[in-house]
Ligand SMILES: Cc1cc2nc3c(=O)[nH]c(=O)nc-3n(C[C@H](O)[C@H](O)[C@H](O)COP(=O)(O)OP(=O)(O)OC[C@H]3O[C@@H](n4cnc5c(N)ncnc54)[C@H](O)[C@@H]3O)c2cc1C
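For reference, the chain that follows is the form predicted alone, supplied as C-alpha cells.
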C-alpha cells in the first residue's frame, strides 16, 4: 500500500524558520509519511545581526560580493542532503480553511502543519517624511547603500552629520561601528586630519536600550560617550525634511544622513489570512503559539503575550529560536497523538551588544562581562550558530572570513 505523504510547511528562512526546519528534519528524516518544505523569497539566509558591520566596511577592504558571502548563507548549503525541500517565493496569501498558502507568480502549496516565521518590516509610525528621507537597515542592500552614502558624502565634504533614530541594540551597534568606520576613512582614505563627523543617536524613550537592565544602559552610555556619540533621549522624531529632523515638535537637528532603526512591525503577509493580528501587525497566537489548529507563528511573526509581564515578547533571535524549538516539539507531539504543551518564555534571554572596535557587553544570563571578552563572546555566538546550520568545515571557513571582513575598519 502506498504511504500517504503529509507536509509541514515553514514560511520564512530566518533564525526561527531554519531552527524549526532543522529540528523537524532530525525528528522525521526516517519517517516517509512526512515532508518538510521551506519557503522564502530569497535563496539565502541573511545573518541580520551583522548588518551593522556591513554598513561600516570600507569599499577598499571588501567588495559587495565578498561581504555578501559572509552574511548571506545559501539555503542550499544549509539543507544539503537533508530531507527538506526548498521553494523560493514570496508569500502573498493564505487560505487557512483549505490549508493552502499562495506565493508570487501564482504558485501554491498545501500543508498539514504550517509554521509562519516571516520576520518583520520597518515601522515608520506614520511620521511625516521619515519613510521618504531615512535609510532603513533590514536588508543587505540597505547596509551597502548606507556604507556607500557615508563614504561618498564624507569624501565630498570632509564633514558629516549622521543621525541614527532608535537606541535599541541595532541603533547602538550601528552608531558604535560608524565611529570606527569614519576614523578609518579620515586616516586612510581621505587623509585629512581635519575630517570630522558628528554622530547623533536619538531615542524617544527616557533612556537608551529600553527594557534593558540599568547597569547595561549605564555601561553603554559610557562607551558611546568614549566614542564621541551625542545622545538625545526623551526625543521623539515628529517630522523629517531632506535637511533636518524635528524632535518633540520643538527642537531641530540638521543631518546629512539619517538611518532609522527605531521600530519594526509584522510582515504584511501576516494579515493575508483569516486569523487576527496584533497592533504590531503580527499574528495573534495562543499559549501554544498557534494561529489555529494547524498553524503556528514564531519569531517576529508571533504576537505572544508573556503571561508574567502581560506584554508582547521582544522580537529577537533567542526568542525566535526558543519558540521554534517549542513549536517543533508540539508538532511532534501531535504527530504521535500526545497533548501539546504551552510555551513558557524564559525570564531572561542571553544577548551580546557590540559597541565599536572589539568591544561588546555580553549577558549570558548566568555570567556577564564586557570589553574585549564580550567581543570574543560575540564571535563564539556566531560560530555556534554556523556550526548548527552548516557542516563543520564550511562553518569555520565562513566564520574566519567574517572575522577578517568585519575587523577591516579597526
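If you're wondering where the values come from, they're calculated on a predicted model, not measured in any experiment. Numbering follows the first chain given and starts at 1.
The same protein also has a form predicted together with the ligand, omitted here; what follows describes it.
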property	result
Answer option from 285, 259, 320, 175, heavy atom within 4.5 Å of the ligand in the model of the complex	320
Sole residue of 204, 247, 91, 84 within 4.5 Å of the ligand in the model of the complex, by heavy atom	91
Location of the ligand contact in the model of the complex, chosen stretch of 60-68, 361-369, 338-346, 34-42 [non-hydrogen atom, 4.5 Å]	34-42
Touches the ligand in the model of the complex: residue 352 (any heavy atom, 4.5 Å)	yes
Touches the ligand in the model of the complex: residue 253 (any heavy atom, 4.5 Å)	no
is_contact(residue 170, the ligand) in the model of the complex, heavy atom dist at most 4.5 Å	yes
In the model of the complex, residue 316 touching the ligand (heavy atom, 4.5 Å)	yes
Residues of 41-60 having any heavy atom within 4.5 Å of the ligand in the model of the complex, listed in sequence order	41, 42, 48, 49, 51
